[in-house]
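As structure tokens, one chain now follows by itself in the form predicted on its own.
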């Protein structure tokens, strides 16, 4: 119910802020994930219809109404929308997709739901332990990997990018003046790392669970106030309550006494049916991928935050302050005539900002320019880019080889040899 509430708020907020038009119907190009180029914007009114269906399914999850259909519909709609354009990738959107997938598998509608009101025989007081533990495991992976990613000299020794971000928050009420203290970035850096690494375990142990949850609330309220991260704090505060499963069960059933150990041993059955082996196989594959994917950056050379090869889907949360400017030149391969591209003629402001510091998006935009100008009659256009990027306050450096014809560089999962070392 809490998950359904938050995603419903998120959907309505997205619609009311006008982001459907800004992000999905107005831009002339999008940046799809490699291999998923078939996931395209449905235009207008297609995207509005899709968001309407997604919002209705979010309400269905909240109310437990036609729950299985609602859960699957929300997962498919939300994930499709997120795959249209990598410009808008955020860790918490990725988390919502993963959580939505898990909600497709669990019997979350078997009490306090419209489905139980419609069909009382659906009501159960016990569910298999794995249906709760998979949500705990997913949350634990998010926190733990976020903490592991913070074990670096840039974060712990240099306190970057907190030394940039915290002084900029000096106008916050009450705590604002504290943000200017010179030593505070290091306190936040070490506390953030320790919090992320330990909080899954502290939540799992009954003696420390309440204190850990207080830390969850304080941490996410602080980050929500200081940074523009949407509904992510609400998602994590709501979802982390699953670690109180035993106490919540007693509260919801109106019981004032603890259950015996024997009564806690619920069989892996609902309505007398064992869960199929295939379902357990899906979960094993799902979590093995969750454990392995964040480590794929080890397959690439160079500095991860600079090249960003293997950066997405690895729970590297707010670890860098990066910005750039990209100037593209298109040259006619026959006449030699050349000109500088107005990026804003093709991209919205956020697309241009993200493209100007992410090499794979630079390459995709170069390919788009090649196709565009070739269609206009230019002969075998050559596309080059001068991209200057600053990372964590360091002086700007060239991100890509400015002499390389990017229209001839293939999109690939392999390392790009045209990315310059910092």
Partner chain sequence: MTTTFTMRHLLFALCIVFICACTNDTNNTKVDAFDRTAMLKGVADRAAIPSFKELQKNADSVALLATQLVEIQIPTTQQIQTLRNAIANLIIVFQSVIGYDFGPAEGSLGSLVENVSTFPVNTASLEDLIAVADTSFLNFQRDTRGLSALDYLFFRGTLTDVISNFSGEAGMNRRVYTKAVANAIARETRVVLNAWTGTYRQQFIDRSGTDAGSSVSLLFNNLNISYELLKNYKIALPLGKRAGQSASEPTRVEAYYQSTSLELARLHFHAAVNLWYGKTPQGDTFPSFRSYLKTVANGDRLINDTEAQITRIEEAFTTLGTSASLSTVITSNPTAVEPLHSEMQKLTRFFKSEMSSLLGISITYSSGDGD
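Residue numbers count along the first chain shown, from 1. Since we're looking at a predicted model, the values are computed, not measured.
Not pictured, yet referred to below: the form predicted together with the partner chain.
The stretch that touches the partner chain in the model of the complex, counting heavy atoms within 4.5 Å, is 336-344, out of 141-149, 114-122, 336-344, 281-289. Contact between residue 295 and the partner chain in the model of the complex is not found at the 4.5 Å heavy atom cutoff. Heavy atoms of residue 377 never reach within 4.5 Å of the partner chain in the model of the complex, leaving it off the interface. For residue 224, no non-hydrogen atom is located within 4.5 Å of the partner chain in the model of the complex, even though that partner is not displayed. The closest heavy atom approach of residue 388 to the partner chain in the model of the complex falls within 4.5 Å. Using a 4.5 angstroms heavy atom cutoff to the partner chain in the model of the complex, none of 301, 361 and 404 count as contacting.
Only one of the listed residues (77, 202, 105, 242) places a non-hydrogen atom within 4.5 angstroms of the partner chain in the model of the complex, and that residue is 202.
Shown without its partner, this chain lists 99, 137, 231, 83 as candidates; in the model of the complex, only 231 has a non-hydrogen atom within 4.5 angstroms of the partner chain. Using a 4.5 Å cut-off on any heavy atom, the residues of 76-93 that reach the partner chain in the model of the complex are, in sequence order, 90, 91, 92, 93.
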